[in-house]
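First, one chain by itself in structure tokens, the form predicted alone.
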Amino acid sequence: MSTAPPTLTAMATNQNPVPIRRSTVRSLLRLWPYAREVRWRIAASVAAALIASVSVLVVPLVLRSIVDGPIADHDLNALWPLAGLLLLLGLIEAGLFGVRRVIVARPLARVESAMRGDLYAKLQRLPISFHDRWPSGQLLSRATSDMFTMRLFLAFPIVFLIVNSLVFLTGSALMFALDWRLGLIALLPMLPLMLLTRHFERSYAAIARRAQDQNGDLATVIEESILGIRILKAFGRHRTMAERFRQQSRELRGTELEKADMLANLWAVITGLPELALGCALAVGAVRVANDELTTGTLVAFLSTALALRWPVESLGWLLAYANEAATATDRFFEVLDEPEHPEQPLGLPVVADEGIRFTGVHFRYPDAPADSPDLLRGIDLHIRRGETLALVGATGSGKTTLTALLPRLYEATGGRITLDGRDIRDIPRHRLRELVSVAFEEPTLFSASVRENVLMGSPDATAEQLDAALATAQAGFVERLPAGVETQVGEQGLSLSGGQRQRLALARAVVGEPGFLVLDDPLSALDVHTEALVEQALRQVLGGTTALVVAHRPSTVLLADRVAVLDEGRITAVGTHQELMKSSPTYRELMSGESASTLEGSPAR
């Protein structure tokens, strides 16, 4: 078994890059490129909500007219027009709030779709080293719950942050116009509230980020539990995973309760201080009415205005909380989009008069490897001639799988040069390189699709005859016995098939396009002896028309190759035919026989 990239089992909060702390406003401004498309819709939504909210502030003025007019004069005839005006204002408010939702609902759904599309496309372009570091649950939560949070922020909180601020300023001006003394009393709590909300914003942002990361961790546990359900049940470890799930659920619950406590405390103060100030204003106003310094209608209008401002003030806590959650969701979204992609940078190196595959002084180390650790691959020099099949053998951990992953640039070599027919692979666009080089991995991965779709993923333009030939080469005759033949859905990860069946379909996927270069990473490991012999016989014809690198662990696979290369501790230590290496390389004899080199040193070559 070859060296696989290092895996990290720590939770995402420990392995993801430390987030850069931005202000809430700066984080949310990064949404502007997406929001720009619907800016006029958002502006219309703000206008509709603003007109609806301002219409509420007209109600106190109408009430003052009613109290100081028809009620004071006992004139019922003058009351009805004013009562009708109150009804009209209520209908206007309700209608405009309905219009506001209609205006933004569909456009913001398109914005969310565009953002999710960009995130998915970015994930496809990012190097394998990125996916080695990031748990899939963290990425899934960014594509679902974080996306919903950002869309809802654009649809509702951002609108009412603007509208409620303007309504509060307008209502405050109106209260001062009605009576500046009562206005001062009513607005006295605003300064301590501003200081409180500033402190709240800083603290809440950190907790919101922690909750979103924990949500991603929990999604990872759920995904692993579902994909690995057979292993969990087979080893009786489902209770262990359930306990892990409960532990992380408790951590997330604790964080959410911490958020709720913080928000509840803020709401208590935001609600209590204005109510206290309003009570003081009511007492002072009543005294002034009793002393004929203020009309009853003006006091009613003032109190009505103050009550109309309760929602803009009380909603401040919720709006700030959601703005912070949207800001952290935006940061998490752009953490992925900001990841470097290793863009195509053709080197323009001269084409060497060479055919086949050549590795020249190739070095490689994983990006997250310790600084003091040696390179995994150290100065690989290897030439696979045009039309030749080379078997690559080596002990577990020697770097075989890593070496094969460099050819299609799943990982980038950290030193040296790799050429195809004399052309440096860094000068070949990745999409074109991966059309030229076909790969069958040791671990066969299938998708929730039909057999046909899974196999033709290796060559979407392949004909029906090529599909049949590829299935025949892989000895995948079992496909004919499936309920719908090649149209049968194989299920997630292909778990409805056996390991050998999945491996044969993966092999068919690699050879279906008749590739010029073929990389096979121990493609027959899951096959029984009889099937293996049939596949090897069919593979000989395929390998005769391509240049191939085959990772081999068994002598039967080695015998498919024209030559064999031995990889030992990151270096190519011997190259030759099977017979030559059995005579000259103790390491190779040990790998093929399973006996130690010291035991074989005095024995005749076999």
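Residue positions are given as counts along the sequence shown, with the first one as 1. On a predicted model such as this, the values are computed, not experimentally measured, just so you know.
The form predicted together with a small molecule exists for this protein as well; it is not shown, and the discussion that follows is about that form.
None of the heavy atoms of Gly137 is located within 4.5 Å of the small molecule in the predicted bound form. Among residues of the shown chain, Leu376 is one whose heavy atoms approach the small molecule to within 4.5 Å in the predicted bound form.
Using a 4.5 angstroms limit between non-hydrogen atoms, Asp217 is distant from the small molecule in the predicted bound form. In the predicted bound form, the small molecule sits beyond 4.5 Å of every heavy atom of Arg64. In summary, among the residues Glu325, Asp179, Glu442, Asp213, the only one with a non-hydrogen atom within 4.5 Å of the small molecule in the predicted bound form is Glu442. In summary, among the residues Thr240, Thr144, Ser448, Thr396, the only one with a non-hydrogen atom within 4.5 Å of the small molecule in the predicted bound form is Thr396. Partner contacts here mean any heavy atom within 4.5 Å of the small molecule in the predicted bound form, and among 363-371, 419-427, 291-299, 382-390 they occur only in 363-371.
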